[in-house]
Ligand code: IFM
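Single chain ahead, written as structure tokens, the form predicted on its own.
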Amino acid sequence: MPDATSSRFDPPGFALPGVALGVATAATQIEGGEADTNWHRWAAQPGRIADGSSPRRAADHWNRVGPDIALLGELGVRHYRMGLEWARIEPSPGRFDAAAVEHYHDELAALRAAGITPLVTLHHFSNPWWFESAGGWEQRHALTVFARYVDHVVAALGDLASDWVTLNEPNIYATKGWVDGDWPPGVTGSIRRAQRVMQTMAAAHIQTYLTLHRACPGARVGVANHLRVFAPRNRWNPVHRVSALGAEYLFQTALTRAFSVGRFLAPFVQPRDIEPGRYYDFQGINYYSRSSVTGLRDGVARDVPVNDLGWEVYPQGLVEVARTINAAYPGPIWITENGTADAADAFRPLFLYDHLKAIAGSGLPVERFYHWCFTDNFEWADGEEPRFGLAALDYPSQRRTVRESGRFYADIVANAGVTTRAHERWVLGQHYPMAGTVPGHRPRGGVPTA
């Protein structure tokens, strides 16, 4: 007779030994209120945001920190990725807002008091307007300016956080802002300028990595890399195959090498003041989808499962990108974002099940998994329409309601895996929509990101 423990995880259940489960957020996407950022200004321009919404409303988290931490506790979450809004902390060059810093200090202290370990993101797509209007990450002194902000944050908050993400998805930030033009600053077609931005951000990561380790012994520091599977639409077509390899190299391979070990391969240029070394304590992976590549642009394959935004659902891709990066840069893997747009909560439990099951059977050193997102939030150029949250958000009232997928996730956290009973309750019978059958839209520019 099987014992009680083994029967809990009889197929189709599975255990997740050694994987700490959490949720992820970003400051601009949840805090609401007034902050003079590039995104607040961008959203004020007609036509920039799909539904005309703005980060000024978002999830009003700035005023609801206490209740939101209590809700995290109800879900049993013990790991929480949060962001800092640079524009709140440094509203003008060299002037730091003591009240904003105290707010973040109190939030971190409250998380720790609740038994929740924070993972703090220093930059998540959002810049102070004074930095953006001076040229942002293209300006000559961007490294010096960012270092000043980092120094202040570490001095003020370093005693409350040991886990840090320096930068979130620099490849997405550069591609959406300087190639597709869907995000600020709205430049289109400038691969050269996008590469310059990514090069500067890679140098900023290395600089920040060293700063954090000097100031905070024992700190764990990494980048939240946006990684995708690039597959040729027709694997027998040589153009498709070469395009997929080229897209992968330009979008993530060369950049990940610069961030991880300080080696800047073409099209980047090796900075004179950066020595090759190890500049990561974990490899952060944000994974959402697979790209079907035909040429210079990518898309979605035919007859594949998709989410509300038309992004392909490809769970095995999470293992594929994690295995690739672990082979090149061995060490702990933290899935810093993974989730899906599903307003009806019709397939999010299945999505969670499939991605976590892929991790469980991978044999990879995955230490953490952060679901995107805690609540519905402002999803950049797509506005408030996409719904990624474990908790549904009614924007006018700001009421949070835990979805069934949230209850499923809480059950996974409590049991360190998916039990047979949980699979029967939340996953059994769910199906993904198929490409071409879902009303919705692809993200402008074709680059999946939350």
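A residue's number is simply how far along the shown sequence it sits, counting from 1. Model, not experiment: these values are computed from the prediction.
Quick note: we don't show the form predicted together with the named molecule, though the next part is all about it.
In the predicted bound form, no residue of the candidate spot (Thr121, Asp281 and Phe369) has a heavy atom lying within 4.5 Å of the named molecule. A residue is said to contact a partner when one of its heavy atoms sits within 4.5 Å of a partner heavy atom; Ser126 fails this definition for the named molecule in the predicted bound form, lying far away. Under a 4.5 angstroms non-hydrogen atom cutoff, the named molecule in the predicted bound form lacks Asp376 among its neighbouring residues. Interface residue remark: Asn168 is counted as part of the site for the named molecule in the predicted bound form, having a heavy atom within 4.5 Å. Although the partner is absent here, Trp39 sits far enough away that none of its heavy atoms falls within 4.5 Å of the named molecule in the predicted bound form. Figure note: of the listed segments 43-51, 417-425, 57-65, 377-385, the one touching the named molecule in the predicted bound form, with heavy atoms no more than 4.5 Å away, is 377-385.
Put simply, of Tyr104, Trp311, Trp334, Tyr173 only one has a heavy atom within 4.5 Å of the named molecule in the predicted bound form, and it is Trp311. For the residues Tyr353, Phe146, Trp164, Tyr288, the 4.5 Å heavy atom test against the named molecule in the predicted bound form is passed only by Tyr288.
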